[in-house]
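Below you'll find only one chain, the form predicted on its own, shown as structure tokens.
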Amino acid sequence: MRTAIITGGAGFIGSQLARRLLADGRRVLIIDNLSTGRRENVAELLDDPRADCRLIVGRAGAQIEAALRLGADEVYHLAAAVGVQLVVDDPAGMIRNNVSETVSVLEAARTAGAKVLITSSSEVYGKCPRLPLQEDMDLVYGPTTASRWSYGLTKAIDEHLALDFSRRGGPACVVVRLFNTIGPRQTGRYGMVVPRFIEQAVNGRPLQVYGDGKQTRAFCDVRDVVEALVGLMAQPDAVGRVFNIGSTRQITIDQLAAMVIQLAGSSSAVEHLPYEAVYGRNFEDPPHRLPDTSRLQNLIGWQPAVTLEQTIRELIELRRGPMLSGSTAEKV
């Protein structure tokens, strides 16, 4: 039986990836320190006697060697700091975590002969003004006094490490840059806009838009993202390369707020807050993010299948579910 390790596997992307790999008949080892991931995200997998799934609680760097000794041949490295709020609150801790964990994973995978997929981020582009964003573009960052850029810099270092390891005899690495992935089990606790908007709309509270609302993003359903991850890991020609994964449909944050209000049938208003009121001084936000996904499409034929409207409708229903049942569990 093929075995895959997912670091950060109790997060909202990792837990969906675990489900997908288990459905393929894989054995799955999840490593998560549960700082932002949650045990309940994977509880049903751990309790299912038909699923060969195990959760190892701890940091990826501390647990990866022991996990690889259990016979894993693939590592999906998703573990990282999550959300703008965490980056702003503790940039130094985020930098140490992101870079040191990736080094540990790569070194252990090289010894074990396992293939690695490194999840990077659209944040590596910084405030590159050209759209759509292509994998070989120059990266443009702001000053070091703006802590926002520190996250993208760590992810760029992770990419350099993975590509250098891959060139120098292993492990074989694939790098992906994720753009605004959304779906079940994503929390708005760390600044993620879609779960925040849905929670506010369902509860009839104002939707808080940070900035002027004219900034644009492209949101992609986690199920589509997972299909791309699995497809790239299975493709030998993906090794040593970088791929954007995301939707190519642009939407302003004001338009997103209006969509959520409409689909929720909510009476909520929209409230604009300056970035400084949320994240403090010296915060910068790139006005636009849009991926060029032609490299990914050309290699594995991938395109998003789930529309933004469909994802938001499903997330609204999930949010309403615990409210109707009296539960306070967070589903989105």
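In this text, all values refer to a predicted model and were calculated from it rather than measured experimentally. Start at 1 with the first residue shown and count on from there.
Separately, the form predicted in complex with a small molecule exists; it is not shown, and the next lines address it.
The small molecule in the model of the complex comes within 4.5 Å of no heavy atom belonging to Trp302. A residue is said to contact a partner when one of its heavy atoms sits within 4.5 Å of a partner heavy atom; Asp285 meets this definition for the small molecule in the model of the complex. Although the partner is absent here, Gln134 lies well away from the small molecule in the model of the complex, with no heavy atom inside 4.5 Å. Proximity of Tyr210 to the small molecule in the model of the complex falls within the 4.5 Å heavy atom cutoff. Heavy atoms within 4.5 Å of the small molecule in the model of the complex are found in one stretch of 126-134, 227-235, 73-81, 211-219, which is 211-219. Site residues Leu153, Lys155 and Arg241 are none of them in contact with the small molecule in the model of the complex, judged by any heavy atom within 4.5 Å. Only one of Lys115, Arg185, Arg177, Arg148 comes within 4.5 Å of the small molecule in the model of the complex through a heavy atom, and that residue is Arg148. Checked against the small molecule in the model of the complex, the residues Val193, Val202, Leu161, Ala172 give one hit for a heavy atom within 4.5 Å, which is Val193.
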